[in-house]
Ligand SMILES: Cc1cc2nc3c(=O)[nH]c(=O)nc-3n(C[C@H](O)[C@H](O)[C@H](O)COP(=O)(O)O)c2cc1C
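Quick heads-up: it's one chain on its own, the form predicted alone, in structure tokens.
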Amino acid sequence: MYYKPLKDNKKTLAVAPMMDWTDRHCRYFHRGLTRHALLYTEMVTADAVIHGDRARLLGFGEDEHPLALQLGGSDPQKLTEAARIGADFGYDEINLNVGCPSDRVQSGTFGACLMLQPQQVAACLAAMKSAVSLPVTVKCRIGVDDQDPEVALDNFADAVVDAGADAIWVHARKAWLHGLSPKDNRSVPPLDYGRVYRLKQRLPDQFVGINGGIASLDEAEAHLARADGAMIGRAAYQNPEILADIDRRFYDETAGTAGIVGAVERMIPYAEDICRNGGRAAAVTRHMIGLFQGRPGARRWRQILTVESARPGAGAEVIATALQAVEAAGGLAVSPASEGSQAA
């Protein structure tokens, strides 16, 4: 397997690529909670990789591995060049986005609308595979608009498998390119996990991972009985504490992960360095706000990180202050409970 499997069964747990969320600050924070879950960048268009500020768009820390670069595009030549650049930066995987339903990607003829053009996706994947030695994967939906997912997903999967795709990650919802906003597309179309399971049954030798609405590690584990990988999205971002149990539960390992307190303390020198180089504390702390849900002091934690980090001149001390507030409230001495009953 091209990234560390779960224990010995060649299955994988991942944190989904999420626009405006999984930037390098977010990934650094998440890596402090889990050493082994596969992390993804936000989607970066091939044009941006080729013509943009590569250090800003593609830069990452060595301890973010294993890390996949998600690209957006539909031109094989451009995607090939972008994949080469990503490989030179040291990414562990190149992933093609065929799931984003935003207006911007539709106007650029990539993202979810490419579900309608499986042969074009296959051409893109084959070109990238020929150019890099990294795994080249795809993340898609079960279909778009009025497509029949039973037919559309099989046709799409067959095309990308023939092109050499190393993995197919499937968001188990349709994307509605007409009638739903990008935000609504993440939750309104009904989930159909069974469709992804059937794809895996039909392609027993192909890595098929599942994504969409996975809210807990219990749910992830249940999916892993039927698929090769489980990818957690919004739940990992909005309640990042669930990531802290991944290494023990799925990889039989705890060394190197100091729990949620260690993950927070790790962010203090990181934020100091970001601020020292002209960045803003709020750019770092915004990814940490969801931590400590259901613990005493959680509300104060959110307040400090949200308000104090936005003040002019705010620095890494905001993180330390917020952690002290949780400790003073007793939030580090108990397990999470319901937000209403314990958070203060």
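We number the residues from 1 along the sequence you see. None of these values were measured; they are calculated from a predicted model.
Another form exists, predicted together with the named molecule; not displayed. Remarks below refer to it.
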Heavy atom contact within 4.5 Å of the named molecule in the predicted bound form, the stretch among 245-253, 127-135, 85-93, 232-240: 232-240
The single option of Pro189, Pro118, Gly143, Gly212 touching the named molecule in the predicted bound form, heavy atom within 4.5 Å: Gly212
Close approach of Lys139 to the named molecule in the predicted bound form, 4.5 Å, heavy atom: yes
Heavy atom of Met19 within 4.5 Å of the named molecule in the predicted bound form: yes
Contact of Lys174 with the named molecule in the predicted bound form (heavy atom, 4.5 Å): no
Contact test in the predicted bound form: Ile304 vs the named molecule, heavy atoms, 4.5 Å: no
